[in-house]
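Shown here is one chain on its own, the form predicted on its own, set out as structure tokens.
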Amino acid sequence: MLASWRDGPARRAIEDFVRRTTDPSSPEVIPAEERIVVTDNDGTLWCEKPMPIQLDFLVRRLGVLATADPSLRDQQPYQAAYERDTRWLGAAMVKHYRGDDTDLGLLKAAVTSAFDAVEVEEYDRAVRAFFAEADHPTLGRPYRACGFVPMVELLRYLEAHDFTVYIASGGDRDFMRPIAPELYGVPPERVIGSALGIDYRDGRLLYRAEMDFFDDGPEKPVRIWSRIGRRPVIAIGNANGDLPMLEFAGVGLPALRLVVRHDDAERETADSGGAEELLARAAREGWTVISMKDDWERVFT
């Protein structure tokens, strides 16, 4: 079932954990209803560099606004969007993972205003249209083909052993929901993520020009508990913002903490910017690090 995984410490750790926690005769068996898996999305299930896929979607929206209003072109993040400056945009996310939200604050303010009063169904259609035509800027493949095949295999493997998988991402919940069933086989109701505020008006749901919450860092365990009401026993991430989610896993139960390391310059990227703290913690605590270069026979379809 893990056909794209090479034999090695990461695969053996996964298979050993599943065996120990699902075998009825094992002293560490976990009841099926408590077999909760939470996984990050950006950089864990699909590509995150040179910038998260959702950021490209948002940048296109900001670029349209900057094209229509020249006065926006001299201020960030509209300038970066208008000039297609992926370096500035990607650096804003890395700075966030390192504790500096200066540029991310500018980006969040622009994004919330860009979707003010947009209906949820209209946003859903825009996301689907984006995935129907948009390509990754450096890999030269459609975004809908940028999901990591070994991770999708892992989700199916866990589900086959009665684990229930949730996506818990800093990305926008409503951006992931339209594509998650196709890419990952995860239904919309099991997607946890950041969210814009929403108002109800005369039978319509409309976004507000403000964040409801940003599901990253310490907010992740809060949102996981709010949605599921259980601690996960498997948590998977790739960046510093995932650290609290991995810490939250498995108190009182066996836990498996998985960290995806981007170290494959030939097939994806060798860039761990924004993951330094998580990787250091994984080394200290003995968490399982998944090397894209060494552990995966293939990365994409």
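In case it trips you up, residue 1 is the first one in the sequence shown, and so on. All values reported here derive from a predicted model rather than from experimental measurement.
Note that the form predicted together with a further copy of the same chain isn't included here; everything after this is about it.
Review point. Since the chain is shown here on its own, which stretch among 108 to 116, 70 to 78, 174 to 182, 83 to 91 would lie within 4.5 Å of a further copy of the same chain in the predicted complex, judged by heavy atoms?
Key: Of the options, only 174 to 182 has residues within 4.5 Å of the partner.
Review point. Do heavy atoms from each of 12, 50 and 52 fall within 4.5 Å of a further copy of the same chain in the predicted complex?
Key: The answer is no: none of the three residues contacts the partner (heavy atom, 4.5 Å cut-off).
Practice item. Look up in the predicted complex whether residue 218 has a non-hydrogen atom within 4.5 angstroms of a further copy of the same chain, and give yes or no. Key: Output for residue 218 is yes: heavy atoms within 4.5 Å of a further copy of the same chain.
Review point. Just to confirm, residue 188 within 4.5 Å of a further copy of the same chain in the predicted complex by heavy atoms?
Key: It does: once a further copy of the same chain is placed as it appears in the predicted complex, residue 188 has a heavy atom within 4.5 Å of it.
Check your understanding: Is residue 223 close to a further copy of the same chain in the predicted complex, meaning a heavy atom pair under 4.5 Å apart or at it?
Key -> Flag for residue 223 set to yes.
Review point. Are any of the heavy atoms in residue 46 no more than 4.5 Å from a heavy atom of a further copy of the same chain in the predicted complex?
Key: Flag for residue 46 set to no.
Review point. Which of these residues, 121, 210, 100, 162, gets a heavy atom within 4.5 Å of a further copy of the same chain in the predicted complex?
Key: Partner contact (heavy atom, 4.5 Å) among the options: 121.
Check your understanding: Pick from 244, 273, 254, 63: which residue has any heavy atom within 4.5 angstroms of a further copy of the same chain in the predicted complex?
Key -> Exactly one residue meets the criterion: 244.
Check your understanding: For the stretch 153 to 169, which residues lie within 4.5 Å of a further copy of the same chain in the predicted complex by non-hydrogen atom distance?
Key -> The stretch 153 to 169, when checked against a further copy of the same chain in the predicted complex, contributes only 166 at the 4.5 Å heavy-atom cut-off.
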